[in-house]
Each structure stands twice: as C-alpha cells, then as structure tokens.
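Coming up are structure 1 and structure 2: the same protein chain in two forms, each one given alone as structure tokens.
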Structure 1
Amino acid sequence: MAAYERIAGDLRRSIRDGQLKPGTQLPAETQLAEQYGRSVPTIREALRLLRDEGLIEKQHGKGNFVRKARTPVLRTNDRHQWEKDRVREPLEQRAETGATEHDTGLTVNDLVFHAAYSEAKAGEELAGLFGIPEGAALVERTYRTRYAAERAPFALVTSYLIRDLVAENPALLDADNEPWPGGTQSQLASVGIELDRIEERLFARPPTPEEAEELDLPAGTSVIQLRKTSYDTDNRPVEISFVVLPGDRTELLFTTPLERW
C-alpha cells in the first residue's frame, strides 16, 4: 500500500469514527506532512483520494473540510397519486406543501425555489415524444429547489408543455405564478386536463461538467437521468420533464401492487 493510501485510510477512519466531524477543517497540508513524516505532494494525493470519495471538500482560499452530509431525497412512485389527490384540495391547503417537501421531509419555509419560463420550438426528439409537428410552440420551464442551508439544488428540472394546450389559461405562461400550489397536475387541471398515468424512464450516467458544478457533486459521482412523460385521460402526452438527480443524495423507491390469484 502506498504512503498516500495509508494516510488517506487514517483520515478516513477519523472521519467515519466521528473524531473529525462534518464541517471540521483539516490541518493544513504542511501540518499533515509534518504529522505523517511525508512530503506535501504525498499529502495532496491522500486528500485527493478523500475528495474523490466525497468525504472532504476543498474550499477555495480556506482549506479542506470534512464534507457535511446533504439532505437526502426519497423519491417514490406514489408521489404522483399524492399530487393528483391534492388537485381538489383548497388552494390554501395546496400552498402549504409540495413535492419537494414530500420527498425530503422539509417544510416550505426551509426551501429556496426558482422557476424560469421561456418559449421553445419542438425539435425532433420532443416532437416525436409529444406526437406533434417539429417547430410546434412549447412552454419550456426550468425549476431549481434547494434547502436554504445548502448551496446546491435537489435536482435539475426542465419541463415542457404544448403551448396551444395550456394557452387558454394565461397564468400557465407566466413564471411569476410559481410556485404553483399543487404543482403541474393542478396547473393542467386548470385547463381541464386530468392525468391518467405517468411514465418514468431512468438511467445512470456521468454528469456533464456543468451538472457536476451546479449539483456540487463529489468527483466520480454519477447522476440519475429521468424522463417523465405525463399522459391525460385521452392518452395524449401533455407534459414531458427531464430531471437530473444527484446520485449521492437520491434514493428511488418503487412499490408495485400485484393482483392476487
């Protein structure tokens, strides 16, 4: 075993045993070099290994710190029925909580929310998914929600609606009306659309550099790419979302009821 691996192992045990608590600043590289009787480059290799494992993080101009565990997210497949059940609840009740609160156990006052809307034209992929002509007008919506005590959002969400399908309610074209009490299903219900089912396709992949930076991912952490397609009771795709979930804090739970013999 190389010297840097032994040093990394010693620091790793200190972190996992709680001797070095989350948020604790590690000694300077020169101090660690003196403590372990090794060169500064060897110490840097040990610290790089711990950063790659997500155990520590380097803060520019400050040093290395034990990484704090981030708020976990449990995303289950019952969240969609939960959202549909809320469509008929009073506005005040729907405004009290949302899907992020459902998945994290946080309250609306714990969260920082941002939404942006823009007009887009359906390219080949979205035109095929929606079953509409290429170039048809869409409403592109991007969402970022984070815990106020953390700097990275829980997910990167880009959602698309067919503009002609929702334009009868101008409020659905204006991001100033976000966060919409009750979420997307309540938005669609305002133009008479009831969802019949939601299809989600998932796969894991390495993040792009931009995703890794925005999600504040430790080196080597994968993301979960989710494509969500919502179908109405006429079997039309009415909303499509692309969601990027950080692999270090997201748990997916699917429960499938089975028919009895």
Structure 2
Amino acid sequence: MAAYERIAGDLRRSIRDGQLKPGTQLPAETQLAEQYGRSVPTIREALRLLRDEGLIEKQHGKGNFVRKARTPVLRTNDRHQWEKDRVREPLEQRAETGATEHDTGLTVNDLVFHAAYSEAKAGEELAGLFGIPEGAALVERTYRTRYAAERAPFALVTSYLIRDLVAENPALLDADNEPWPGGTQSQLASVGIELDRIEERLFARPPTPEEAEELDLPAGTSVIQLRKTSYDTDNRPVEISFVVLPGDRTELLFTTPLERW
C-alpha cells in the first residue's frame, strides 16, 4: 500500500475515533512530513484523500481542519404544509402591506427568492417527458432559494410549464408574480388544471464546478439531483422541475402511507 494511503488511513482513524475532534487544526504539512518521515507532497496527497472524503477542510494560509458536520435543511414531500408555513402565509401578509421587491430578490420570512422567466422551445428530453412535439413553446422559470442569513442558495431550480396550458392566466407568465401566492397547486387551478400527484426522481453525484461555485460547496461534498414532475388528473405531466440540492446541507424526507392489509 502506498505511503500516502497509510498516512491517510492513520489520520482517518484518528478523526473517526474522536482523537481529532471536529474543528481541530491538524499539524502543518511540514510537521506531518517530518513526523511520518515523508516529503510534503506525499503528505499533501494523503490530505487530499481526506478532503475528498469530506473529513477535513483546507484553508489556504491557515491550515487543515477536521470538518464539522452541518445541520441540514429538511425538505419534505409533504411540502404543502412546509411551503404554507414558511412561505405562503408570510407572503400573503406581505402582499397586504404592499411591499414588492421582485427582480433583485424577494425576502419572505427568512427566505430569499430570485426568479427569472423566459420562453423556451421543448428539446428532445423535455418533449419526451411532457409528451409533446419537439419545438413546442414552454415557459422556463429558474429560481434560487436562499436563507437570508446564508450567502449561498440551498436549491437551484429550473422549472418548465407548457405555455399554451397556462397562457390564459397572464400572471403565470410574469416573474413579478413569483413566488406564486398560494403555491403551485392553487396557481395551476386558476387555469383549470387539477393536480393529482407528484413524482420525484433523484440520484447523487459530485457537483460540477459551476454548481460548487453557486452553492458554495467545498470539495468533498455531493449534490442531489432531482427531477420533479407534477401530473394532472388526466395523468399528463404539467410541470417539470430540475432541482440541484447541496448534499452537505439538505436532508430529504419522504413519507409513504401504507395500505392496510
């Protein structure tokens, strides 16, 4: 086994069994090099392994530190309730006071939204998912949701609607109407669409550099990529959202009721 792997294993053990507590600074690379009788690049190789596993954090000019766990944001599939508490009611209160700050971002409770609308034509993937011809007109909404106290958003969302289905309510084509009062379900009801169920598909992967930048993800973290499809009562996809969530501070909670036997 390579020297850097043995050293990494040694440090990993110390971190796991609590000898090196979260937040602790590791000895300097030159120190470790001397201690293990190896060159600095070899030590750095070992530290890189630990960083990629999410065990340590490198801070240029300061040192290497045992990473602290972050307390994740909980996202539930019983989201109606969640959105209602966190977003809609405060929003409706806000509406009464007449405050508006779209465009540059809208602060509701302790959440900040940034939304942008544009028109898009269905590509191959979206056409297939919606079951519509390629090139059909879609409304594309991209938004970021962020806690006011934090600098990075906790969700990157791009959402698509079939334009012709929602065109009769112009408010749905207007970014100033974001976030939607009453939520997706009630907004879509305004154009006669009744939702039946939501399907969420997800998997995990390392972030792209762009995502790492935007979500402020350190090395050694993952993202959850999620595709959410809302179906109407005729079993047709009405809204499709692509969501990227930071793995180090998101916990998803799904509750599935069981049929009794």
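In this text, rigid core is short for the largest set of C-alphas that superpose within 1.5 Å between two forms. The first residue in the sequence of structure 1 is number 1, and each one after it adds one. All values derive from a computational prediction rather than experimental measurement.
- Two forms of the same chain are shown on their own. Structure 2 is the form predicted together with the DNA.
- Hinge assignment between the two structures, options T71, A127, L215, N169: the residue at the boundary between rigid parts is T71.
- The chain behaves as two rigid parts between the two structures; the smaller one is rotated by 27° relative to the larger (C-alpha superposition).
- Relative to the superposed core, R51 has its Cα moved 6.5 Å between the two structures.
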